[in-house]
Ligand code: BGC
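Presented as structure tokens, the chain that follows is alone, the form predicted alone.
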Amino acid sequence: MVGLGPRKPPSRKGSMADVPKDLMQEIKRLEELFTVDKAKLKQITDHFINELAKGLSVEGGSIPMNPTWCMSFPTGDEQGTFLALDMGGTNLRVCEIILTDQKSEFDIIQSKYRMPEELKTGDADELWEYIADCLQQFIESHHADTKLEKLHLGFTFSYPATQDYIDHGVLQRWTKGFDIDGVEGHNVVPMFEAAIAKRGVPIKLTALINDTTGTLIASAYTDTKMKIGCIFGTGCNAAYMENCGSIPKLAHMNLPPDTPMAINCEWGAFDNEHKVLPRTPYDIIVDKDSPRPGQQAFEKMIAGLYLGEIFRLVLVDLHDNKDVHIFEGQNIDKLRKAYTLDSSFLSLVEEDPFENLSETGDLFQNKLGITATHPELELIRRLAELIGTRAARLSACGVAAIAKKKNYKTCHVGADGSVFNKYPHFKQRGAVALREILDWPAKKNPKEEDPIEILAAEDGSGVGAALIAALTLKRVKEGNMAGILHPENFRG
């Protein structure tokens, strides 16, 4: 058996020797379309820095740059018991997190509850009552014999929301398949609190957070070098700590200029004006046919939800193209269905270890009913590499932009999400691009750390939410009431 087990990239030698001239020309054309060179990366990064600053200004820009009212990094010495609630698209996760007296250590108890599909398009009261039921069940099963003081809760609500306070959040729009009337445009906290009060569950909502901010804070708790939190998954986002003096849109609050404030960038909206991103005709179709054309331009080039769709559109175009005609004479109806392939499909193509790409051949046969020739499989493999590499390289522009804006010469970046964790070579490709953008000298020793390393993050929506609740409680006790709507909930 050849090529099994973990192998360093490139995972196979492969040969283009038997690829006919017309297909070779297509591969060359695709390479030109999808390759982002060093000069382009630097141009994108410079524009990104300006756009981050614009998002913090009074006028605002495409990138929302939302202040989160999380106003410090953890020290690692935080202590206490906190709850975290994570309301995702498929599950509801409830965690109890005990921050121990050991520095940077925690214990966690957690339960997952399925989010019933009918709730996602049902009635608002039903949703909040279901969540309150799950919390009640959790507390009853873990604290059956104890009379509880109120527990402080961090609620990870990862839907676009406007936060004027940490214990408040107005839903801008539902995502992840939710479409419940009467919630968009409203503060979700009173709805949640009413359902909790009705059941007499001993919980106080202390902080409403976004998973990306949680990722930043949870990662910084266990590693003090962490300065940026990122999500590279179905969507993409980043959070980092800004000084209040660099946030003109908060000037009216008269906060001390060196006070930190975690910013949830929502950077998927970078370059909605299409000034710098190297969009191909395929990217333009993805945008035009999406539910919100003209929005989330950056996300549509790097997030897992779209990578498979870009790949699919190229293959359909090459089949319909009279000069090339891949999959000639075959029925490609399955391939014509939008969003039929996701980023895990591309991962499998890139992971195929065999010279003859037999696993990719099987994949196309089983999933799409298409029999591909060996030259076609070579093109398919190269296309997956190009799309995956472009996503990783563009992602690095966002990280480099924050590092340059904050003048971080060395730091760690905590990253989470399915693309970061599972897509082959994503980390290495991102690291290569960072080196190009930031002009680092070549390594003397391959084991040497890069000045800025992107590492796997801690659990943002669980531990991060609990930590932000702890940090918020601590600052209120110290008299910092900025961004607190209900101080009475923080006493006792």
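Note that residue numbering follows the sequence shown and begins at 1. Every value quoted in this text rests on a predicted model; they were computed, and no experiment measured them.
Keep in mind the form predicted together with beta-D-glucopyranose is missing from the figure; the text below concerns it.
Peer 1: Check the shown form for clashes with beta-D-glucopyranose: superpose the C-alphas around the site so the partner sits as in the predicted bound form, and report blocked if 3 or more ligand atoms are within 2.4 Å of backbone or C-beta atoms, open if none are.
Peer 2: Open: when beta-D-glucopyranose is placed as it sits in the predicted bound form, none of its atoms comes within 2.4 Å of backbone or C-beta atoms.
Peer 1: Of Gln296, Asn187, Thr360, Thr389, which residue is found within 4.5 angstroms of beta-D-glucopyranose in the predicted bound form when only non-hydrogen atoms are counted?
Peer 2: Going through each option in turn, the one that passes is Gln296.
Peer 1: Please tell me which of Leu208, Cys236, Ala84, Ile402 lies within 4.5 Å of beta-D-glucopyranose in the predicted bound form, judged by heavy atoms.
Peer 2: Exactly one listed residue reaches within 4.5 Å, namely Cys236.
Peer 1: For the three residues Tyr159, Lys176 and Glu266, verify that every one has a non-hydrogen atom within 4.5 Å of beta-D-glucopyranose in the predicted bound form; reply yes or no.
Peer 2: Per the other structure, all of Tyr159, Lys176 and Glu266 touch beta-D-glucopyranose.
Peer 1: Quick one: find which of 296-304, 253-261, 102-110, 188-196 has residues within 4.5 Å of beta-D-glucopyranose in the predicted bound form by heavy atom distance.
Peer 2: Residues of 296-304 come within 4.5 Å of the partner.
Peer 1: Classify Ile231 as contacting or not contacting beta-D-glucopyranose in the predicted bound form by the rule of any non-hydrogen atom within 4.5 angstroms, answering yes or no.
Peer 2: Yes, Ile231 lies within 4.5 Å of beta-D-glucopyranose in the predicted bound form.
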